[in-house]
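A lone chain, given as structure tokens: the form predicted on its own.
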């Protein structure tokens, strides 16, 4: 098998530029973990630069053709190839200690990968990944930006986020219709929110559901129990609040 054919239904766009693949691999800090899981390795453009790192490498691939290619061309992986869907993988059963996540992520599931990482934040200290540029910009956007939204807040609660570099369409086969970007997320020191997490999620989602309105109007459906403390936020719009502001605001509601 000389080459794997990219499959549209799997969102495959194989990276051809080995310099970029090397840069992605070298973006891992290798701090506070000794295992790395690559999602969607395809033909191993990135994998080949991960294998020499001083860490234990695992890969998970849903495409049977790619799995066969990896087994034939990367015998160093041995029994570290998981055939399956990352979104369905019971991470805590497979890995009992911290593991970083890396990959040229399929764009059709990239946001779901991040949301799963949030659910396993205590197991995943670092994420380095290639995303559609628009998604990458939303993840790293600070308060006040038009791109700042729900995914920005939920990830920035528990990760320090960093935009590393932009990647042109021409370095992929087949080329996607959009530009891409590589970002890095490193677990911060926050163990838990200073408020009820379910209530926090509800306040954030409700706030951004009508992001053009002030929070006083956007949050009318929720019951305030401390209007005095909330008053400093209610004249603002959702994108103007930081993670800490949203935690404080959450504590003002029932």
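Numbering follows the first chain given and starts at 1. Small disclaimer: the values here were computed from a predicted structure and weren't measured.
Form predicted together with a small molecule: not shown, discussed below.
The putative spot formed by 143, 152 and 209 is not touched by the small molecule in the predicted complex; no residue has a non-hydrogen atom within 4.5 angstroms of it. Only one segment in the set 102 to 110, 156 to 164, 117 to 125, 180 to 188 has any non-hydrogen atom within 4.5 angstroms of the small molecule in the predicted complex, and it is 102 to 110. Among residues of the shown chain, residue 45 is one whose heavy atoms approach the small molecule to within 4.5 Å in the predicted complex. The small molecule in the predicted complex is not approached by residue 131, whose heavy atoms all lie more than 4.5 angstroms from it. Although the partner is absent from this view, residue 60 contacts the small molecule in the predicted complex, with a non-hydrogen atom inside 4.5 angstroms. Put simply, residue 246 is far from the small molecule in the predicted complex: not one heavy atom of it is within 4.5 Å. For the candidate set 85, 168, 97, 76, a heavy atom within 4.5 Å of the small molecule in the predicted complex is found for exactly one residue, namely 85.
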